[in-house]
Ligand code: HPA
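Only one chain is given next, in structure tokens, and it is the form predicted alone.
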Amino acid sequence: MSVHISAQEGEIADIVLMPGDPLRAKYMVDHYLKDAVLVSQTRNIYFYTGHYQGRRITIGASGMGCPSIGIYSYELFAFYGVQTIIRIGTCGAYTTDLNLFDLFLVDAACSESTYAQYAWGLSADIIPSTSSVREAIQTTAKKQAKTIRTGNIHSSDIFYRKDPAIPAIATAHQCLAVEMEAFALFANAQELGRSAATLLTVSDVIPTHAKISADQRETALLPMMELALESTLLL
């Protein structure tokens, strides 16, 4: 049992799928996992362990932002022996080269966040995901005949901002989209010698203000969920 996760030793699998939203985690468990058991519900952040196609996995939420996923991913890696975390979530496209519903696999995450610097003394403002996990997702996407885009992501600490311009750091690193968690996840994985990846669905296109509607969200994220789940079979 850790400070923020109440699971007992052995109750969390070596691979974790991590959406931001606890309800999205529960949806995945209800629709895809067999023999799922609720192993932690501290702070209403639910973690479930079950089986997908015979592969034992855990699904649990990260909350929003680098501090939140930083806490949960660290405790999973450091205290529960988790080897791989795949974040699954949504992103806002900085460019019209991305469209609503596109699947976006992150190569590396950049950020103005000081998370990596103050947690681990990492001075880099861009951190890569784990190549072996990316390759598993890409291989699975081909098998499922799914098209995925790849590139860098901007992990922002700010959702609402006064200046609507794309931040300079995102431009410098040629980021195609923005979210709020991948940078801290990748920093923890790098520091602890673990594996991490981030797979996202484009939920809005910032230049055109196009957005996935609330009604569309129920089905819009299913291709991403199913790709992440199938990818675990190669890990």
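If you're wondering where the values come from, they're calculated on a predicted model, not measured in any experiment. Throughout, we count residues from 1 along the sequence that is shown.
Just so you know, the form predicted in complex with hypoxanthine exists too; it's not on screen, but the next bit is about it.
Visitor: For the three residues Ser73, Ser129 and Ala196, which mark the spot I'm curious about, does each lie within 4.5 Å of hypoxanthine in the model of the complex through at least one heavy atom?
Guide: Not one of the three qualifies.
Visitor: Quick one: does Ser203 come within 4.5 Å of hypoxanthine in the model of the complex, counting heavy atoms only?
Guide: Ser203: contacts hypoxanthine in the model of the complex.
Visitor: Would you please decide whether Val29 lies within 4.5 angstroms of hypoxanthine in the model of the complex, comparing each non-hydrogen atom pair?
Guide: Flag for Val29 set to no.
Visitor: Residue-level question: is Val133 within 4.5 Å of hypoxanthine in the model of the complex, judged on heavy atoms?
Guide: Val133: no, not in contact with hypoxanthine in the model of the complex.
Visitor: Classify Phe159 as contacting or not contacting hypoxanthine in the model of the complex by the rule of any non-hydrogen atom within 4.5 angstroms, answering yes or no.
Guide: Within the cut-off, so yes.
Visitor: Hey, of 143-151, 90-98, 113-121, 75-83, which bit sits against hypoxanthine in the model of the complex at 4.5 Å between non-hydrogen atoms?
Guide: In the other structure, the partner sits against 90-98.
Visitor: Give me the residue from Ala36, Ile45, Val178, Val39 that has a heavy atom within 4.5 Å of hypoxanthine in the model of the complex.
Guide: Of Ala36, Ile45, Val178, Val39, the residue with a heavy atom within 4.5 Å of hypoxanthine in the model of the complex is Val178.
Visitor: Going through 99-119 from first to last, which residues have a non-hydrogen atom within 4.5 Å of hypoxanthine in the model of the complex?
Guide: Heavy-atom contacts within 4.5 Å come from no residue here.
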